Structures are given as C-alpha cells and as structure tokens.
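Next up: the same protein chain in two forms, each one alone, written as structure tokens (structure 1, then structure 2).
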Structure 1
C-alpha cells in the first residue's frame, strides 16, 4: 500500500520537475526522494517518471496517477483539519431552521466568513414555520432557528431578537380585491383567505370553511399567484420571487413589522460555530 509520504514526494517531484527540488522543499535528501518514488513505482506496478533525460519527466501513467495522488493528499488534509476542529470542540455540522418571515440578506452576508472560519463545517438549512420550527430546535434536529416572535416558547427554548421583517397582504392582479384603491378589513371576509398552518398543530386554523391553508409561505404565495385568495406574506419573499404576479392590498395598518427571533435549545446549546453565528446575527453592527 503506497504511503502518504511517498505520494507527497511524487506530487512534489512532478510539480517542480526535479527530485532535487522536491527534496529541498520537503527537507529530504535527494536519495531519499529517489528511493521513495522508486518504491512507489514498485508498489503501483507502473513507471511514473522517464529518467532517460537530464530531468525526470512524467510518463503517461504518471500523468494519469498524479491527479489521483493529489486527491488522496487533499482528502488527508481535510481529514486532519476536521479532526483538529473536533478536538478543539468544533461541531461537525450546523443545522439552521429558517422561517420565510426571516429576511436572508444578513445570513447570506455572513456565509463567506462562516466558511472561512470553519472550513470543515457542514451547513444545513431547513425551512419551517412557528410550531414546526420550534419542534426542530427542541428535538435537536436544528441548533439555531429564525422565526417570527411567538406568543409562547417552550421552557427549554431560549431566544433573542434579530433584524425585523415586514409582512403585507397580497393578491393576484386578477383578484377582485385588486381593483380597489382602499380595502377595509370587513372586505377581506368576503373572499377566500390563504392562511399559514403547521404540521405540529395537527389541524388547520379555525376559520370560515372556504379558506385554504399550507405549512409554508412559499406555498401560500403560489396559491395567491394562482388567484385563489388573499394571503399575508413576507414582503421580501414577494419582492424576490413574486415578480409582478402579486399586488399588495392597500389596507390600513399594512404592511406591518414583525419581530424576528433567533432561537436555540438550552438542553442542546450550539457549538462554537453556532455560537459565533448567533452572536453575529444578534449584533447590531451591519
């Protein structure tokens, strides 16, 4: 079985075109490098370098196997970095539960810094709302969540305010409500409402029988785009993905601001990467 050291000497010799230069860069003697590469050729059963000229030249087999050797060395480097992170207490994976009420610009701005600080971290983003999102945090399926402030949090859920979000009432331009220059709340009752529900709740919210519901704002937006009713939707979601397919209703008091909380479990607190992200998401600096 080829050793990692032999593969590293092979890659260095190929990169610099000389056994002597590879030896100098790695602090080895030239004879050590030559012997290691010769033994590697025996182990692999192929000739890696043509030594007939003054400087060794990769053979076709050597060129083909060079890429494989580089991949093995890169995998070893990843293994060592991941092990070092775990030994230092860094979590191998960070799962975020995101509500569509949360505007993602701040998180998107921090992703590059997160990747640079924790290069071996596996990042997972889940989409859920209210009770469903809290269940992901409470069960440990996600370590951090971003959700519209709830009237009640379970005892083991901690929370802190982050950037607010804006909600509006929307309909398709084809909807009858879209023809009014001003809407009163009573007018909404005459038309189908598209309302958010959750899987955890088990049943749809109590409302008039012709209303529709879904567990995500994206699904509600698609229903509204189809002209099936009016919906309360995050303004950023409509602006980014709704195009000209939805119209905001001119209702007094709307659009309205929501407080968005970042939530986590006291029983299963986030690791260093999660704590760093939590601190940055609740920091008032831009």
Structure 2
C-alpha cells in the first residue's frame, strides 16, 4: 500500500533525476526520500531506479509506472482543488435553466471565463419554459434561470432584467398569411396559433380557438415550418436554425423586444459561481 507522499517523492525524483533534489524541493531530508523510494519499490515489487550510476536512472519498468503514479497524483490534486473550492463555499455544480427565448451567445462568451475561475465546477444546462423553468428554480433543481419576463413571480423567486431578446411572428412561406404585405392583428385570429405550453399544471393555456402547442420554441418552429400556423419565435432562433423556411409577418409593432429575466430562488440562493455569473449577466448589457 504505497502512500501518496511516497508517490510524490517518486515522481519528483524521477523528474529531476536525483533524490537529493527531490528532497530539497519537497522540503524533506535526503534520507527520507531514499527510504521512501526504497519502501515503495518493496511495496510495488518492482525496482524503479537503477542505482549503479552516480545518479539514479529510471528502469524501463519505473518509467512505465511513473505514468501511473502521475495519474494518481493528478487525481489527488483534483480532489484537493475540489475540496478547497467547496471549503471556500463554492457550489459543486451550477445548473442553469434556459428558455429558448434566450440567445446563448452571451452565455457562451462567459463560459470560458467561468471555467477558468471555477475549474472544479460542474456546469449543467436544462431547457424549460416559463412555469416549468420557475419550478426548476423553486425546487432547487436549477440555481439560475433565463426566461422571458413573466406576468407573475412566486414570492420566493427573485429576478433581474438582462439583455432583451427580439421576438417575431413567423409563418411558412406556404401559409396563407405569407402573401400579405401588411397584416392587421385581427387577421391573426383567423388562423391557427402555435403557442408554448408547459407541463406544469395549474396554468391553463389561455386558449382561444384550438391552438397547437409545444413545450419548446424549437418544436414550435418546426410546427411553423410545417405550415400548421403562425408562431411567435425568437428571431435569433429562426435565423440560426430556421434556414430560409420561415417568413416574418409584417405586423405593426413587430418584431418586438422581449425582456429576458434572470431568476433565482431566495430560499436556495446560488453559490459564488452562480452569483458571479448573475452579476456578469445583468451588469453590462450591450
């Protein structure tokens, strides 16, 4: 059962080619290194160094086991760093709940800096809309959420505005509405609407006529591409993934800017990494 310290001495000695040098670098006495490596060789049943020369030189077997020892040390370093982060109050994982309305560009720009600042953080992205998303936040399943501004927030949910997202009304070019060069709002009611729904019970979709609905904007967009009706969609989503198969309706007042809120739970506030991300998302908006 080789000890971690013995492995560290082994790696250091192999790296510098001398036991004394390893002892100096690790703040131990030379005899300690000599004895520790001798013990390690007994434990492993393998001669690691050829000591016939003035300086010890790794045997082929030692060279092979050196790679294994370095892996052990690397794993232990990760453990220690993760523990140090947790001890400093860092959350072990940060779960984000994203609405399709949120364009991911700004988040992606921050991810590399987030990874550098919290190297042991596990980042998770969930997709949900409105009520589903708030439920994720409220239950603690996710710590931060990005949604279009809701008409009502539960008392435990805190929110702050972030960069807005542009929304447009889209139909397939084959759709009857696609021909008109100008459309009045009343005309929309004559055609099928494609709306967001949520799996969350309680909030009945305010249906007028028989709308079609889907739980994500991506599915709504595919329905619109199928020509089944008109849908309000994030412009960035259509531009990025819609190809040229959708057409924006020229209604007065459209496309409109939709306020995107970042939301979190007051009872289960996000940890340092979440707060850091939160500040970055709300502070400077382009």
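Positions refer to the first chain, counted from 1. Note that this is a predicted model, so its numbers are computed, not measured. Take the two forms, find the largest set of C-alpha atoms that superpose within 1.5 Å, and that set is the rigid core.
The chain as displayed in structure 1 is taken from the form predicted on its own. After superposition on the rigid core, displacement of the C-alpha of residue 268 between structure 1 and structure 2 stays below 2 Å. Relative to the superposed core, residue 112 undergoes a C-alpha shift smaller than 2 Å between structure 1 and structure 2. Relative to the superposed core, residue 9 undergoes a Cα shift of 2 Å or more between structure 1 and structure 2. For residue 71, the CA shift between structure 1 and structure 2 after superposing the rigid core equals 3.5 Å. Relative to the superposed rigid core, residue 44 shifts its CA by 5.1 Å between structure 1 and structure 2.
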